[in-house]
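What follows is a pair of forms of the same protein chain, given separately as structure tokens and numbered structure 1 and structure 2.
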Structure 1
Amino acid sequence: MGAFETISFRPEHCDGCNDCMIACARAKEQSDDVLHSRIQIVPAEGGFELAMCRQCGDPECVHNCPAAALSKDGESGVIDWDASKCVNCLLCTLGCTYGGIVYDAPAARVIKCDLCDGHPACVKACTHGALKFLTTARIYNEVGNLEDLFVPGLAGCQGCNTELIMRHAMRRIGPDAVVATPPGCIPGMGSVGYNGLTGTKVPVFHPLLTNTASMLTGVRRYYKRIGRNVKAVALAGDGGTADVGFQSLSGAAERGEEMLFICVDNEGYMNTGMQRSGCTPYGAWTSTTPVGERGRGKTQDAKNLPLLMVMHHCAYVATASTAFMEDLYDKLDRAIAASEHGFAYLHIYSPCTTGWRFPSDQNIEVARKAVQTNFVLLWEFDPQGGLRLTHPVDDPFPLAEYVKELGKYRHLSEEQIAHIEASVARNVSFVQGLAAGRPPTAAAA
């Protein structure tokens, strides 16, 4: 049995409007009476809680049913209820921890969520983002049995998002690859190894910051010359990509070299003391943009490296985030395919718990809020289809929802926050214009 689709609940976004319950009652019983709803939003201290069938992997309700009226579908993961077998003993309701199967008195039978055949009405009705239908189970089912191409025990910081990116990316790329990891967090955590032992299960080398793309060019051309189709992959930080490494990156992209260049952007040189890079945003504290009597963080806006790569007419360019794994995997697949005939560039935003100063268990939440506030835009580009937004956020959360999470922004003044908000607005306008085929306006450029 693999992973299954499910509905997630984020109580901090729920206002108790009951729209989800009304939608469920209408879909299942053609009624506006929320008593018929398979989902119940329950008032709790300080907010709301969810009572709904979670389609448990080892469902207690199924075990408790003496008539075998409940069973778990091995394909969809949904717990099915057979009316012809049910004897209304209600033992199933006693075994459910989540209040997910209950007795509907007007209907004189038990009711439970069945995910509406993969199109939950409650999720569609929720306009606040409190309910979300998670379909990322397909990723686990597709790649869960593929080999992790990094050894256990890499020396990344606790909660390191970069290690997550490395393992996911190489699991999908596969073993027939050569990996370049220029100086930064990725080799620093042991991927190129210590004392003669490597932390990577495929050929890996440690180029200079300046020549990653040019060395991969030679690797790919050599293997192609001897008749082997080996994927040439770079796993590089933003410093080694946007700054000192940009000259070789730009040259390889301009020539259309057949490789996949993945930039893991943690907005600074985090491995060597948290110095600023070209991708460090305006106002951010780093060890070289300190905060004190005179300094108030970085005084320049971040370099928009993904858009610079679009201007190179690459075979594929995309931005991604580990908070949106389906989007990331779809782009990774397209980038791998594009690297077979041209230059593919994937820019993955990677919050750094150490350098950004936030608790390690909040990594994915920080990554999610960056997208929900439009601080980070998720899009993709290829020469045939142009630029497309893959996760547009038309009603973004206030930027304060993002910056308040991060210690590196704790010092920001109202003027600095206003500057960041204006920069975000310009970037959104610029990218939306490119996606719509409109020429950028002077204000957005």
Structure 2
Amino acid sequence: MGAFETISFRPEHCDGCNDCMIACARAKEQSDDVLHSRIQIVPAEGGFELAMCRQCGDPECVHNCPAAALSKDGESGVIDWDASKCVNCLLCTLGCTYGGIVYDAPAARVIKCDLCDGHPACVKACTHGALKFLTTARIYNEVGNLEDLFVPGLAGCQGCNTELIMRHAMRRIGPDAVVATPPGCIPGMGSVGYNGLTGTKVPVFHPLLTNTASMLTGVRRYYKRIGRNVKAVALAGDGGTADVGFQSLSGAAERGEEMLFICVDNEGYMNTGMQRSGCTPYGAWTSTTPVGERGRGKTQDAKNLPLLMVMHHCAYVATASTAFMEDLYDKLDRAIAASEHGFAYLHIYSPCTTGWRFPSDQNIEVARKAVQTNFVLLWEFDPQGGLRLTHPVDDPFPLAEYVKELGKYRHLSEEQIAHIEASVARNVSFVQGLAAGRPPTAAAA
């Protein structure tokens, strides 16, 4: 299927003015009666919510149509409705759980959003920023015009997504920044260059594994002192963040230093030969938790670093995955904004084709499975809004679906998988509790 275009709704910006509904009714039925509108804003819990067609990827309304009147356009992603085929049986309305295709009694037929050929009237009419027209390629088109701040041809492993994270992040952050890349894959692939040659178009340095957040503290503090707004950005691995780099990270976060710290978590010291880190999950093979007659991989769970950062009351903390780029970009934007006034921490899960032992074309799929199984939870936190799951997975895949993709788990026994499942369940319960404003239960803690 082709690109999926859709209209996104940000309820926090909606004041219920109905301008979008009027615009839709006028555009589609030449009427001011909002009953004709394909977009319906509904009051809900003191705010507003949206009922409209989501242009689903695998649309149930299409499956339910006995007359072949509905079809998904492979190019635009729009679900088309063919009046000449529709028999008005309304079975499509049973297929839609979003109120996206409804019977319009005065018009005597079903109506649904068609995205106005890519120029939705409702989005144009919204003056509050509550509606946004999204296409799959949007983020790429937006950042495509921004300068790539790394040289071409960084020497990452085949299929590595850390390079993707670096390039996208820095395109968004822009050139008025100082970047710290502590020892690991990021400088290892050449971002800081060799023998006096640089791999980056912004000031970049190679701090110690231990002191990234401290060095950036000095950089940012001095520029602030002299009235220059220079962004301080860390692109660090999990070892330099969670293990030996944790003290400086914690100190900088506690002091509320203004920086954006991005942890690219590939669950171990992958650059130096795949050794265990504090972020390596239970059961994982690494070169220092090898599998042998007695050894069965790592015997401890990973530390939950992003949650530790929440406990520092950072200006912003979020987890992200390259399988969910829209989500990642939203978080990147918020993290950049937060780093102007406090400590922003972004924890991006980065499957490692080399160290985790899976085919190099499966990186995004592995990242996606991690989220779909709840092995990785996507959420964000700020002190005002608290913690919020941005991609809750109510109905997760069995964990085995994720585990079986990865060579580093090939040796796992049933008991070990059960251990990981229990850890995942505990983490889900804990994070859901935080999201709901509930104190963690004893069982969850």
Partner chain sequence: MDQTHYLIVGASHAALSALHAIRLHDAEGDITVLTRDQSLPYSPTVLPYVVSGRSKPERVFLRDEEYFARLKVKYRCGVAVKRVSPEKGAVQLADGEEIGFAKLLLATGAAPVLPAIPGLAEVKFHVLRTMNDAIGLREAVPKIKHALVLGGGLIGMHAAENLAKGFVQVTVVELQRHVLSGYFDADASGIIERIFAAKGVQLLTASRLAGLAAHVDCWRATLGDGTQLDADLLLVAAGVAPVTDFLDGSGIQIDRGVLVDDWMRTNAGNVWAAGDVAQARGFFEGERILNGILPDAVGQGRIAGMAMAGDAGAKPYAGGVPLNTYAFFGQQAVSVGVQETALDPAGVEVHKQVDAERARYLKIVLRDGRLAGIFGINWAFDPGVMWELILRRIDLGAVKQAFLASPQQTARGLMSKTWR
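For numbering, take structure 1's sequence and count from 1. Quick caveat, the model's predicted, so the values are computed rather than measured. We call the rigid core the largest set of C-alpha positions that still match within 1.5 Å between the two forms.
Remark: the form predicted on its own is the source of structure 1; structure 2 originates elsewhere.
Core-superposed comparison between structures 1 and 2: the C-alpha position of Gly283 differs by less than 2 Å.
In the core-superposed comparison between structures 1 and 2, Met52 has its Cα shifted by at least 2 Å.
Put the two forms on the same core and the Cα of Arg255 is off by less than 2 Å between structures 1 and 2. Taking the core as the fixed frame between structures 1 and 2, we note the C-alpha of Asp117 moving 7.2 angstrom.
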